[in-house]
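Next up: a single chain in C-alpha coordinates, the form predicted on its own.
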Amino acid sequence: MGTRLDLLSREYLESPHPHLTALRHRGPVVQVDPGGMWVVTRHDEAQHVLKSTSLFSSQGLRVSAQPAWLQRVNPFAESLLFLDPPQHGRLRALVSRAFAPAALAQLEARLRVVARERVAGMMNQRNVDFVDAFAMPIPATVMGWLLGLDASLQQHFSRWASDLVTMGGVRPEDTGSMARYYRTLEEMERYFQGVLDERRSAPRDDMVSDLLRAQVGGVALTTPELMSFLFMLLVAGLETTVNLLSQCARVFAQHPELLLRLREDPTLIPRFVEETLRYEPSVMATLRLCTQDVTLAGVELPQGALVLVSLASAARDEKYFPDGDRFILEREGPPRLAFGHGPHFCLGAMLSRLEARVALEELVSSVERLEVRTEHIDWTASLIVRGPVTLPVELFASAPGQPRTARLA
(Lines give C-alpha, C1' and ligand atoms only; values in the text may rest on other atoms or scores of the structure.)
Protein backbone atom coordinates (compact mmCIF):
# COMPACT_ATOMS: atom_id res chain seq x y z
CA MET A 1 0.00 0.00 0.00
CA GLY A 2 1.29 3.47 -0.88
CA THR A 3 1.69 6.57 1.24
CA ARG A 4 -1.40 7.45 3.23
CA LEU A 5 -3.48 10.40 2.06
CA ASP A 6 -2.87 13.55 4.12
CA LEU A 7 -6.17 15.38 4.65
CA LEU A 8 -4.31 18.62 5.36
CA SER A 9 -2.20 18.49 2.20
CA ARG A 10 -2.68 21.24 -0.35
CA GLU A 11 -3.54 18.63 -2.97
CA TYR A 12 -6.42 17.33 -0.88
CA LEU A 13 -7.70 20.72 0.36
CA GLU A 14 -7.93 22.09 -3.17
CA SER A 15 -9.72 19.08 -4.65
CA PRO A 16 -10.97 16.64 -2.01
CA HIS A 17 -13.68 14.79 -3.90
CA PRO A 18 -11.55 12.62 -6.23
CA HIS A 19 -9.47 11.57 -3.23
CA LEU A 20 -12.59 10.77 -1.21
CA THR A 21 -13.96 8.69 -4.09
CA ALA A 22 -10.75 6.67 -4.14
CA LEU A 23 -10.93 6.15 -0.36
CA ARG A 24 -14.59 5.13 -0.59
CA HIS A 25 -13.74 2.52 -3.20
CA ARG A 26 -11.04 1.13 -0.92
CA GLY A 27 -13.51 0.61 1.89
CA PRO A 28 -15.86 2.19 4.42
CA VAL A 29 -13.07 2.69 7.00
CA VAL A 30 -9.58 3.65 5.76
CA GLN A 31 -6.49 4.91 7.59
CA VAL A 32 -5.20 8.36 6.60
CA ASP A 33 -2.98 11.17 7.86
CA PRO A 34 -2.43 13.32 9.82
CA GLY A 35 -1.66 11.02 12.71
CA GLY A 36 -2.94 7.77 11.25
CA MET A 37 -6.59 8.57 12.00
CA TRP A 38 -9.35 6.46 10.49
CA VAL A 39 -11.73 8.03 7.97
CA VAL A 40 -15.30 6.77 7.60
CA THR A 41 -16.19 7.12 3.93
CA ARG A 42 -19.72 5.75 3.47
CA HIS A 43 -23.19 6.88 4.49
CA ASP A 44 -24.32 3.91 6.60
CA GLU A 45 -21.16 3.77 8.68
CA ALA A 46 -21.09 7.56 9.07
CA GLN A 47 -24.65 7.58 10.39
CA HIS A 48 -23.82 4.73 12.78
CA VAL A 49 -20.80 6.53 14.26
CA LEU A 50 -22.65 9.81 14.71
CA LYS A 51 -25.51 8.27 16.66
CA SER A 52 -23.39 5.83 18.73
CA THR A 53 -22.17 8.31 21.33
CA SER A 54 -21.26 5.62 23.87
CA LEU A 55 -18.72 4.14 21.44
CA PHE A 56 -17.57 7.26 19.59
CA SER A 57 -17.05 10.33 21.78
CA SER A 58 -17.21 13.94 20.61
CA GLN A 59 -14.02 14.48 22.57
CA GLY A 60 -12.34 13.52 19.30
CA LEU A 61 -13.06 17.03 18.06
CA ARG A 62 -10.64 18.43 20.62
CA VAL A 63 -7.80 17.51 18.25
CA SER A 64 -8.96 20.31 15.95
CA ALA A 65 -9.50 22.94 18.66
CA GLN A 66 -6.97 22.08 21.36
CA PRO A 67 -3.81 21.06 19.44
CA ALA A 68 -0.80 19.89 21.40
CA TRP A 69 1.17 23.10 20.74
CA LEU A 70 -1.52 25.29 22.33
CA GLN A 71 -0.30 25.65 25.89
CA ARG A 72 -3.49 27.23 27.19
CA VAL A 73 -7.22 26.48 27.31
CA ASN A 74 -9.23 27.24 24.19
CA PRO A 75 -12.80 28.03 25.37
CA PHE A 76 -14.15 26.73 22.05
CA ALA A 77 -12.77 23.26 22.90
CA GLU A 78 -14.77 23.33 26.15
CA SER A 79 -18.12 24.04 24.44
CA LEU A 80 -21.08 21.69 24.03
CA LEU A 81 -19.86 20.66 20.56
CA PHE A 82 -17.20 18.62 22.34
CA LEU A 83 -19.43 17.09 25.01
CA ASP A 84 -21.30 13.77 25.13
CA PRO A 85 -24.73 12.96 26.59
CA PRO A 86 -26.10 13.59 29.13
CA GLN A 87 -24.10 16.77 29.82
CA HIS A 88 -24.38 17.79 26.17
CA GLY A 89 -28.18 17.64 26.25
CA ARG A 90 -28.51 19.69 29.43
CA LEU A 91 -26.36 22.51 28.05
CA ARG A 92 -27.86 22.33 24.55
CA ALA A 93 -31.29 23.02 26.02
CA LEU A 94 -30.08 26.41 27.27
CA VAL A 95 -29.77 27.84 23.75
CA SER A 96 -32.26 25.73 21.79
CA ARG A 97 -35.12 28.21 22.31
CA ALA A 98 -33.31 30.85 20.24
CA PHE A 99 -33.30 28.48 17.24
CA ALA A 100 -36.94 27.42 17.44
CA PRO A 101 -39.10 28.05 14.34
CA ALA A 102 -41.13 30.81 16.00
CA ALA A 103 -37.98 32.71 16.98
CA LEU A 104 -36.44 32.35 13.54
CA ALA A 105 -39.60 33.50 11.78
CA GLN A 106 -39.23 36.86 13.49
CA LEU A 107 -35.80 37.30 11.91
CA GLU A 108 -36.86 36.84 8.29
CA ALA A 109 -38.12 40.36 7.53
CA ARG A 110 -35.04 42.00 9.08
CA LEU A 111 -32.76 39.55 7.30
CA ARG A 112 -34.38 40.30 3.93
CA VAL A 113 -33.66 44.01 4.33
CA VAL A 114 -29.98 43.30 4.99
CA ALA A 115 -29.71 40.88 2.07
CA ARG A 116 -31.41 43.33 -0.29
CA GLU A 117 -29.02 46.11 0.72
CA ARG A 118 -26.03 43.83 0.27
CA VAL A 119 -27.16 42.77 -3.20
CA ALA A 120 -27.69 46.40 -4.21
CA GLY A 121 -24.21 47.29 -3.04
CA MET A 122 -22.67 44.42 -5.00
CA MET A 123 -24.58 45.34 -8.15
CA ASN A 124 -23.24 48.88 -7.93
CA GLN A 125 -19.67 47.57 -7.80
CA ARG A 126 -20.13 44.51 -10.04
CA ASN A 127 -16.67 43.14 -9.20
CA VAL A 128 -16.52 42.08 -5.55
CA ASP A 129 -15.15 39.50 -3.18
CA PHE A 130 -18.33 37.48 -2.67
CA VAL A 131 -17.21 36.27 0.76
CA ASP A 132 -16.52 39.74 2.10
CA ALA A 133 -19.42 41.49 0.36
CA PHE A 134 -22.22 38.97 0.91
CA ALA A 135 -21.50 35.53 2.36
CA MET A 136 -19.92 36.78 5.58
CA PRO A 137 -22.06 39.86 6.40
CA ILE A 138 -25.36 37.94 6.26
CA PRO A 139 -24.68 35.47 9.12
CA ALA A 140 -22.47 37.96 10.97
CA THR A 141 -25.36 40.40 11.13
CA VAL A 142 -27.74 37.70 12.36
CA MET A 143 -25.35 36.51 15.06
CA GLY A 144 -24.90 40.12 16.08
CA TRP A 145 -28.65 40.39 16.56
CA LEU A 146 -28.93 37.15 18.51
CA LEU A 147 -26.00 37.86 20.80
CA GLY A 148 -26.36 41.63 20.94
CA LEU A 149 -22.85 42.24 19.57
CA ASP A 150 -21.33 45.38 18.09
CA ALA A 151 -22.10 45.32 14.35
CA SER A 152 -18.97 47.36 13.56
CA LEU A 153 -16.83 44.38 14.60
CA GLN A 154 -18.06 42.02 11.86
CA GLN A 155 -14.63 41.77 10.26
CA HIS A 156 -13.18 40.76 13.61
CA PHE A 157 -15.91 38.13 14.06
CA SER A 158 -15.06 36.65 10.66
CA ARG A 159 -11.32 36.52 11.40
CA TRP A 160 -11.87 35.04 14.86
CA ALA A 161 -14.16 32.30 13.56
CA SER A 162 -11.79 31.45 10.72
CA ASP A 163 -8.85 31.20 13.12
CA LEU A 164 -10.72 28.89 15.48
CA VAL A 165 -11.62 26.39 12.76
CA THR A 166 -8.14 26.35 11.19
CA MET A 167 -6.14 26.09 14.43
CA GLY A 168 -5.85 22.32 14.19
CA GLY A 169 -4.19 22.50 10.78
CA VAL A 170 -1.06 24.36 11.90
CA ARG A 171 2.20 22.69 10.96
CA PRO A 172 4.81 22.25 13.75
CA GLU A 173 7.19 24.71 12.09
CA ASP A 174 4.60 27.46 11.58
CA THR A 175 5.31 29.49 14.71
CA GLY A 176 3.95 32.65 13.08
CA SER A 177 0.46 31.16 12.81
CA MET A 178 0.68 29.85 16.35
CA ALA A 179 1.37 33.38 17.62
CA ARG A 180 -1.59 34.70 15.63
CA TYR A 181 -3.93 32.11 17.13
CA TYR A 182 -2.77 33.00 20.65
CA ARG A 183 -3.60 36.66 19.93
CA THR A 184 -7.02 35.68 18.57
CA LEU A 185 -7.92 33.77 21.73
CA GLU A 186 -6.80 36.69 23.89
CA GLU A 187 -8.78 39.19 21.78
CA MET A 188 -11.92 37.06 21.94
CA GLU A 189 -11.70 36.55 25.67
CA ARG A 190 -11.22 40.26 26.31
CA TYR A 191 -14.12 41.17 24.06
CA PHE A 192 -16.56 38.59 25.39
CA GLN A 193 -15.59 39.34 28.99
CA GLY A 194 -16.58 42.94 28.30
CA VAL A 195 -19.89 41.78 26.81
CA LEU A 196 -20.61 39.61 29.87
CA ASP A 197 -19.75 42.44 32.28
CA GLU A 198 -22.02 44.83 30.39
CA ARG A 199 -24.96 42.40 30.35
CA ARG A 200 -24.60 41.72 34.06
CA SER A 201 -25.08 45.41 34.76
CA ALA A 202 -27.65 46.05 32.00
CA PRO A 203 -29.41 42.90 30.72
CA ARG A 204 -30.97 42.95 27.24
CA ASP A 205 -33.27 40.77 25.20
CA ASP A 206 -30.49 38.63 23.73
CA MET A 207 -28.85 35.23 24.15
CA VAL A 208 -26.00 36.56 26.31
CA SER A 209 -28.48 37.85 28.89
CA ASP A 210 -30.42 34.58 28.67
CA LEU A 211 -27.24 32.59 29.39
CA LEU A 212 -26.40 34.79 32.37
CA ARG A 213 -29.86 34.05 33.81
CA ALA A 214 -29.71 30.32 32.99
CA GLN A 215 -29.09 27.61 35.54
CA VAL A 216 -28.11 23.94 35.23
CA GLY A 217 -29.24 21.89 38.21
CA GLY A 218 -30.04 25.08 40.08
CA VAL A 219 -26.53 26.48 39.57
CA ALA A 220 -25.67 29.43 37.33
CA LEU A 221 -23.12 28.98 34.57
CA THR A 222 -19.53 29.79 35.46
CA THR A 223 -17.54 32.38 33.53
CA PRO A 224 -15.55 29.66 31.64
CA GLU A 225 -18.84 27.97 30.69
CA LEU A 226 -20.32 31.26 29.50
CA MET A 227 -17.17 31.99 27.52
CA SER A 228 -17.31 28.56 25.86
CA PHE A 229 -20.92 29.19 24.80
CA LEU A 230 -20.03 32.54 23.20
CA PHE A 231 -17.02 31.09 21.35
CA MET A 232 -19.15 28.22 20.07
CA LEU A 233 -22.13 30.33 19.02
CA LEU A 234 -19.95 32.75 17.08
CA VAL A 235 -18.11 30.01 15.19
CA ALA A 236 -21.15 27.82 14.53
CA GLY A 237 -23.24 30.82 13.52
CA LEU A 238 -20.73 32.05 10.97
CA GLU A 239 -18.75 29.24 9.39
CA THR A 240 -21.57 27.04 8.10
CA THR A 241 -23.53 29.81 6.40
CA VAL A 242 -20.53 31.73 5.07
CA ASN A 243 -19.28 28.60 3.34
CA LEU A 244 -22.75 27.56 2.18
CA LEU A 245 -23.42 30.91 0.47
CA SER A 246 -19.94 30.94 -1.06
CA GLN A 247 -20.44 27.44 -2.46
CA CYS A 248 -23.83 28.48 -3.86
CA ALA A 249 -22.06 31.25 -5.78
CA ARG A 250 -19.53 28.75 -7.15
CA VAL A 251 -22.35 26.47 -8.31
CA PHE A 252 -24.00 29.43 -10.08
CA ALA A 253 -20.72 30.15 -11.86
CA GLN A 254 -20.29 26.51 -12.88
CA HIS A 255 -23.95 26.05 -13.88
CA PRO A 256 -25.37 29.40 -15.04
CA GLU A 257 -28.57 27.69 -16.17
CA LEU A 258 -29.40 26.98 -12.53
CA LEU A 259 -29.33 30.65 -11.61
CA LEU A 260 -31.77 31.34 -14.45
CA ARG A 261 -34.05 28.53 -13.26
CA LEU A 262 -34.13 29.97 -9.76
CA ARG A 263 -34.87 33.45 -11.13
CA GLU A 264 -37.85 32.00 -12.96
CA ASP A 265 -39.01 29.89 -10.03
CA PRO A 266 -37.67 31.01 -6.60
CA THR A 267 -39.60 28.19 -4.92
CA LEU A 268 -36.78 25.91 -6.12
CA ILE A 269 -34.25 27.71 -3.89
CA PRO A 270 -34.67 25.39 -0.84
CA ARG A 271 -34.04 22.38 -3.09
CA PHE A 272 -31.00 24.15 -4.55
CA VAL A 273 -29.66 24.78 -1.05
CA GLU A 274 -30.04 21.11 -0.09
CA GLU A 275 -28.21 19.90 -3.18
CA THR A 276 -25.44 22.44 -2.58
CA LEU A 277 -25.08 21.13 0.99
CA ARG A 278 -24.67 17.64 -0.45
CA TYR A 279 -22.47 18.57 -3.39
CA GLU A 280 -20.13 20.95 -1.53
CA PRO A 281 -20.87 20.63 2.20
CA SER A 282 -19.79 23.50 4.43
CA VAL A 283 -18.85 21.00 7.12
CA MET A 284 -16.67 18.40 5.45
CA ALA A 285 -16.19 16.13 8.43
CA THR A 286 -16.35 15.69 12.17
CA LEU A 287 -14.10 13.83 14.59
CA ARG A 288 -14.85 11.15 17.16
CA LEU A 289 -12.75 9.22 19.69
CA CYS A 290 -13.22 5.49 20.28
CA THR A 291 -14.18 5.02 23.93
CA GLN A 292 -13.29 1.30 23.77
CA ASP A 293 -12.07 -1.31 21.31
CA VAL A 294 -14.69 -1.45 18.58
CA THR A 295 -15.20 -3.17 15.23
CA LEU A 296 -16.52 -0.89 12.49
CA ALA A 297 -17.29 -2.38 9.06
CA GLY A 298 -14.90 -5.23 9.82
CA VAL A 299 -12.05 -2.95 10.87
CA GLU A 300 -10.71 -3.28 14.42
CA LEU A 301 -10.33 0.15 16.01
CA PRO A 302 -8.57 0.32 19.38
CA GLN A 303 -9.72 2.41 22.32
CA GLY A 304 -8.45 5.95 21.84
CA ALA A 305 -8.38 5.73 18.04
CA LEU A 306 -9.32 8.96 16.27
CA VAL A 307 -12.14 8.57 13.73
CA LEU A 308 -12.91 11.21 11.10
CA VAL A 309 -16.46 10.93 9.76
CA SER A 310 -16.30 12.31 6.21
CA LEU A 311 -19.67 13.93 5.62
CA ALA A 312 -18.45 14.99 2.18
CA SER A 313 -17.68 11.40 1.20
CA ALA A 314 -20.94 10.07 2.65
CA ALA A 315 -22.79 12.66 0.57
CA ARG A 316 -21.46 11.07 -2.63
CA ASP A 317 -21.85 7.44 -1.53
CA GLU A 318 -22.85 5.59 -4.70
CA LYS A 319 -25.28 3.41 -2.76
CA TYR A 320 -27.57 6.38 -2.05
CA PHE A 321 -26.42 9.11 -4.44
CA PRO A 322 -25.87 7.69 -7.94
CA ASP A 323 -23.83 9.98 -10.15
CA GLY A 324 -22.92 11.87 -7.00
CA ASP A 325 -20.31 14.04 -8.73
CA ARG A 326 -23.09 15.78 -10.65
CA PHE A 327 -25.21 18.60 -9.26
CA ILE A 328 -28.81 17.45 -9.77
CA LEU A 329 -31.45 19.88 -8.56
CA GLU A 330 -34.19 17.26 -8.51
CA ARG A 331 -32.08 14.70 -6.64
CA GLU A 332 -33.85 12.52 -4.09
CA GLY A 333 -32.31 10.26 -1.49
CA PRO A 334 -32.01 9.70 2.25
CA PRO A 335 -31.74 12.57 4.74
CA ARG A 336 -28.48 14.42 4.24
CA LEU A 337 -25.76 14.43 6.90
CA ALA A 338 -24.61 17.97 6.11
CA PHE A 339 -25.70 19.19 9.56
CA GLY A 340 -24.74 15.99 11.34
CA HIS A 341 -26.89 13.25 12.81
CA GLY A 342 -27.94 12.10 16.25
CA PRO A 343 -27.57 14.14 19.47
CA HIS A 344 -25.16 16.58 17.84
CA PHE A 345 -27.42 17.45 14.90
CA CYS A 346 -26.65 21.12 14.31
CA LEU A 347 -28.82 23.42 16.42
CA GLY A 348 -28.46 26.15 13.83
CA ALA A 349 -29.49 24.08 10.80
CA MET A 350 -32.85 25.83 10.44
CA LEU A 351 -31.22 29.23 10.87
CA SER A 352 -28.56 28.50 8.24
CA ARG A 353 -31.21 27.30 5.79
CA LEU A 354 -33.30 30.41 6.47
CA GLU A 355 -30.33 32.71 5.90
CA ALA A 356 -29.40 30.92 2.68
CA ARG A 357 -32.96 30.94 1.33
CA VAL A 358 -33.59 34.62 1.98
CA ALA A 359 -30.14 35.66 0.77
CA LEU A 360 -30.50 33.70 -2.46
CA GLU A 361 -34.04 34.97 -3.08
CA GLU A 362 -32.65 38.49 -3.06
CA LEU A 363 -29.57 37.59 -5.06
CA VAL A 364 -31.28 35.79 -7.94
CA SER A 365 -33.92 38.51 -8.28
CA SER A 366 -31.20 40.98 -9.29
CA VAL A 367 -28.40 38.86 -10.75
CA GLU A 368 -28.72 37.14 -14.11
CA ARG A 369 -25.17 35.79 -14.28
CA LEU A 370 -22.28 35.34 -11.87
CA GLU A 371 -18.72 34.60 -12.94
CA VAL A 372 -15.78 33.71 -10.72
CA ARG A 373 -12.80 35.93 -11.57
CA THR A 374 -9.89 33.81 -10.38
CA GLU A 375 -8.25 30.61 -11.57
CA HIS A 376 -7.02 29.68 -8.10
CA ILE A 377 -9.05 29.61 -4.89
CA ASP A 378 -7.45 29.51 -1.46
CA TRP A 379 -9.42 27.07 0.70
CA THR A 380 -9.84 26.92 4.45
CA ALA A 381 -7.03 24.80 5.89
CA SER A 382 -9.18 22.64 8.14
CA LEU A 383 -10.14 19.01 8.65
CA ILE A 384 -13.67 20.06 9.58
CA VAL A 385 -14.95 22.90 7.39
CA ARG A 386 -14.32 23.91 3.79
CA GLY A 387 -14.93 27.16 2.00
CA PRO A 388 -13.10 29.73 -0.11
CA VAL A 389 -11.11 32.28 1.87
CA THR A 390 -11.93 34.83 -0.83
CA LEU A 391 -14.07 34.52 -3.95
CA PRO A 392 -13.64 37.29 -6.54
CA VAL A 393 -16.74 37.43 -8.75
CA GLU A 394 -18.33 39.62 -11.39
CA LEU A 395 -22.09 40.07 -11.30
CA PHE A 396 -24.28 40.77 -14.32
CA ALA A 397 -27.77 42.24 -14.11
CA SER A 398 -30.61 41.75 -16.58
CA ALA A 399 -30.31 43.59 -19.88
CA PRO A 400 -32.37 46.82 -20.09
CA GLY A 401 -35.96 46.08 -20.95
CA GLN A 402 -35.69 42.39 -20.07
CA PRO A 403 -38.50 41.07 -17.86
CA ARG A 404 -37.37 40.75 -14.23
CA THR A 405 -38.36 38.13 -11.70
CA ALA A 406 -40.84 39.58 -9.23
CA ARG A 407 -39.35 40.22 -5.80
CA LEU A 408 -40.74 38.39 -2.82
CA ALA A 409 -42.38 40.70 -0.33
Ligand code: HEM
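From 1 onward, residues are counted along the sequence shown. Just so you know, these numbers come straight off a predicted model, no measurement behind them.
This protein has a second form, the form predicted together with the named molecule, left out of what is shown; the following refers to that one.
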- Indicate whether the candidate residues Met123, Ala135 and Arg278 are all in contact with the named molecule in the predicted bound form, with contact defined as any heavy atom within 4.5 Å. no
Answer among 230-238, 181-189, 298-306, 212-220 for heavy atoms within 4.5 Å of the named molecule in the predicted bound form: the stretch 230-238
For this session: Consider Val63 of the chain shown here, and say whether it contacts the named molecule in the predicted bound form, taking contact as heavy atoms within 4.5 Å.
Result: no
Flag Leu347 as yes or no: does it have a non-hydrogen atom within 4.5 angstroms of any non-hydrogen atom of the named molecule in the predicted bound form?
yes
So, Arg92 and the named molecule: in the predicted bound form, are they within 4.5 Å at any heavy atom pair? yes
* To do: Please check if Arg250 has a heavy atom lying within 4.5 Å of any heavy atom of the named molecule in the predicted bound form.
  => no
The one residue among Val165, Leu149, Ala338, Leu259 placing a heavy atom within 4.5 Å of the named molecule in the predicted bound form is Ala338
Answer key, the named molecule contact in the predicted bound form at 4.5 Å (heavy atoms) among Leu111, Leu226, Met143, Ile269: the residue is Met143
Near the named molecule in the predicted bound form, with a heavy atom at 4.5 Å or closer, the residues from 66-81 are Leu80, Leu81
